[in-house]
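Just one chain follows, in the form predicted alone, and it is written as structure tokens.
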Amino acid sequence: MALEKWLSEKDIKKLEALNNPKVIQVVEEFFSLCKPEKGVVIDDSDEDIEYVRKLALDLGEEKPLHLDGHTIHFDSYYDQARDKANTRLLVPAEKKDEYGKHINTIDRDEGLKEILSIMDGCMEGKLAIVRFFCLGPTNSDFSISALQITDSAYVAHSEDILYRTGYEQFKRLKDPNDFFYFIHSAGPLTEKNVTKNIDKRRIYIDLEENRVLSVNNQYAGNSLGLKKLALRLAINKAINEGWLTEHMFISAVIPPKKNRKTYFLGAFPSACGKTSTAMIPGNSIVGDDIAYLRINKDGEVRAVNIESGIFGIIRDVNPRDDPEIFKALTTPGETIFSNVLVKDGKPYWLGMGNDIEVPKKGTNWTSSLLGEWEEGKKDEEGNELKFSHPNARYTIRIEDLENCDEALNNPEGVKVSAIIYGGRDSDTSVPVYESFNWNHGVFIGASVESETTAATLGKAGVRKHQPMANLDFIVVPLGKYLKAHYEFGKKVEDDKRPKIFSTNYFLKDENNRYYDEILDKKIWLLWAESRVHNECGAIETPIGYIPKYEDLVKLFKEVFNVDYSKERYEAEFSIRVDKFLEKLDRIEAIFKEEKMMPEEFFIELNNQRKRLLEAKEKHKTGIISPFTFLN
């Protein structure tokens, strides 16, 4: 074994104890390529995990804050979000045309040659950390083992919070080659301890080897292999094996005065209310980001959260709208803040509450390039710099939340009763509606649209197509991805198939004001939950089933003691036929260009268009009141 050059005898024994030749081969290959000064192997022990936490502080990648266990990490000024342009799928040249326009591909041979050249010596002078994790609960049909090699203690520490330890899980692998692996290097660092060679930032996904190679970045969406990078690998694995990997939260909806839990999954594009929906007060949370879905021996759809923590957008987390998260962020405990403002050891972020006075100067995400921040400071283009980045983040354990669901680590997962698809839509869709059936629901999910936000690099405020809120992470042809959803539904009996709903929290009036308050989403979920249990009726419309006015009146009164007016109901739940028809035209134009599209999708699209046109002809208007459909 050539690893004696980098590893102690104790660390080599840790690797040998796994009895896994492929693990040894991967470590040897990338130590030889990346050329770290030395390496360390971390197992599941408390001692090893504490070593990683301390290392992040000792290396200056994190700094302590005023509350015990809280730390701050800053990414480079130019590394504040997922880098779509430099995140590419390695595809053999002969298959490139199969993947459609939505996947950023590069010839596999060309891409490997490029990134391996960039990674040559990228860890010089640094410590390479070898980690083992499990995606999903351990000892489960859902479990996927993952190996991470990184030169960032911040990355390694973050993954300790976000994922379950997996060293012992590796010993239980039935197939020693069946694991994902991720190689990451922040690359050479500046004197401010941030990545220097941003122009050589690359994140390349290799499906043939079930691996991701990532270099010259620190932002977690680019560097934490087990998060969105592993999501891509798992989507490919799931589709080829007959299950689903989705960009979805898992939450238990708990209606007042009823002794039951109903588990919902929800897919929302980034910054569209996904975490806040998963964290609605009164409900409990299993996960806020990624779910694996399988059908068990009893024919039920079950799901697990692949993570055990949350890497969430901190903007607008405040005690009124997100009380559980806010409490966790202001209580001692293991928490990493990133790219917020820090002054006197205290973190400050956008929208944290009107009662909190933000300092006029301090250290923030701009400091690594432009020096300390102060109010009124501008960037090179003359734009005023915010004190906290709009995509600033927090990293916490779900178990630290008071509303953590007891099923978080259940190896059998939870029974899925409903799935929600949501996006940003200011002028078309109603706050909530139910699909007619599974195939219609898949069509709804495939048709999600959203405005771009600061969570991805590029211009904000542009409406984008976001099928299943998963477009950025789909690594198979879009038609193949949708076909997998239709096929999955066929395997489930009618009475066990989850209901599918659409939500939209962003509908605006003619004065550009939102109809919904932030917590009104609780009402829409409670209505959907009552539909799962057949406790209320609905109005059939061309787009699906919408709530009856009297049911919403009752819910608003019981939950918030608010009188829900007929005027607001009519404004929110009128069917904007012309706007829906415009959306169908956009969606059809996109999917007509995709290959391998399932016939079911276009059947649903044509049926929806037909229903809308017939309703418009019948009622002689492009906006139809919900009360009209009662006649």
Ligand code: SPV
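Throughout, we count residues from 1 along the sequence that is shown. Every value quoted in this text rests on a predicted model; they were computed, and no experiment measured them.
One more form of this protein should be noted, the form predicted in complex with ligand SPV, which is absent from this view; the next part is about it.
- Although the partner is absent here, residue 289 is a contact residue: one of its heavy atoms lies within 4.5 angstroms of ligand SPV in the predicted bound form.
- In the predicted bound form, at least one heavy atom of residue 228 sits within 4.5 Å of a heavy atom of ligand SPV.
- Not displayed here, ligand SPV is kept clear of residue 88 by more than 4.5 Å at the level of heavy atoms in the predicted bound form.
- Ligand SPV is not shown here, but in the predicted bound form it comes within 4.5 Å of a heavy atom of residue 247.
- For the residues 221, 467, 309, 111, the 4.5 Å heavy atom test against ligand SPV in the predicted bound form is passed only by 221.
- With the partner omitted here, the residue from 393, 131, 73, 157 that has a non-hydrogen atom within 4.5 angstroms of ligand SPV in the predicted bound form is 393.
- For ligand SPV in the predicted bound form, the listed stretch (351-359, 213-221, 504-512, 320-328) containing residues with heavy atoms inside 4.5 Å is 213-221.
- Using a 4.5 Å cut-off on any heavy atom, none of the residues of 592-631 reaches ligand SPV in the predicted bound form.
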